[in-house]
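First, one chain by itself: the form predicted alone, in structure tokens.
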Amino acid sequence: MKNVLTIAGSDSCGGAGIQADIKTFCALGTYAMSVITAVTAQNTKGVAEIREMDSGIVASQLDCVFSDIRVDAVKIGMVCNTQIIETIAERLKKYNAKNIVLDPVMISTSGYSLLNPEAKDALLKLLFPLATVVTPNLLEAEDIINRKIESPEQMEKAAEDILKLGPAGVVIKGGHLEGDAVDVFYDGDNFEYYKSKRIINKNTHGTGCTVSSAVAANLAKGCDMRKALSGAKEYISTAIAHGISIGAGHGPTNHFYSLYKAAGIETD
């Protein structure tokens, strides 16, 4: 079995962050490990409050995992401040981490800021160059390049600009555009489009976390980048199509739909 590490924030309602990452790793047949960067108080309606971990405990978590267990892939999600980002970058280089999937979480779906403004430069300068692939959605990509993205052609140009920040590959998730859900991948040589029919379902909490975690799990299992991305696209489409209706807001995607279906458990 391959081992995958998530470095991210905790979601108290279990739909995003560390919890979504662990569910995804397990659903895709890998062993899940975690380093918690923050604890959030949130539910299906939004984020109420955040408590950031201090960089010392983040470092200790990373040291404990890497010094004892083989890490086949790393997913990075919510990293709130410059000190945590510096710590993560230093430890990933120290332990020669591989298959690093960076999901640049900046703003929650409900509009809550998840990245301190002064930490943006540190994220771009320290973590982007370490990434095997970065996976921003449209809003995050717009924040990174400081301009609007309104078409697949503009997604291509944005991917080119983001690649200049140092990652080996970029996939921009186009779920916020009209029409089919189109993601654009660029590795410096070629563009690849990953398309799927748009699924009308309000239960999309944790979608970005789930996609990036699926990519990391697939890379850990030895998939090349294109197979890792196509597999993640297929996985998230199924998870969204069968999203779980809990709470008064946006419920989570269904990470274990296939397992539940096989066991005869109704979740739709």
Ligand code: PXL
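Sequential numbering from 1, following the sequence displayed. Only a predicted model underlies this, so the values are computations on that prediction, with no experimental measurement involved.
Same protein, other form: the form predicted in complex with this ligand, not shown, and the subject of what follows.
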Seminar exercise, completed: The one residue among V105, V184, A89, V133 placing a heavy atom within 4.5 Å of this ligand in the predicted bound form is V105
Seminar exercise, completed: Partner-free chain; cross-checking this ligand in the predicted bound form, the single residue of L139, A168, L114, L124 with a heavy atom within 4.5 Å is L114
Exercise. At the 4.5 Å heavy atom threshold, is G9 in contact with this ligand in the predicted bound form?
Worked result: yes
For this session: Using a 4.5 Å heavy atom cut-off, state whether M78 contacts this ligand in the predicted bound form.
Result: yes
Exercise. Does the 4.5 Å heavy atom contact test between G17 and this ligand in the predicted bound form come out positive?
Worked result: yes
For this session: Indicate whether this ligand has at least one heavy atom within 4.5 Å of a heavy atom of S34 in the predicted bound form.
Result: no
Exercise. Non-hydrogen atoms within 4.5 angstroms of this ligand in the predicted bound form: do K23, A232 and T238 all have one?
Worked result: no
For this session: Tell me, please, which stretch of 224-232, 35-43, 52-60, 238-246 lies within 4.5 angstroms of this ligand in the predicted bound form when heavy atoms are compared?
Result: 35-43
Exercise. Though the partner is not shown here, which residues of 198-214 have a heavy atom within 4.5 Å of this ligand in the predicted bound form?
Worked result: H205, C209
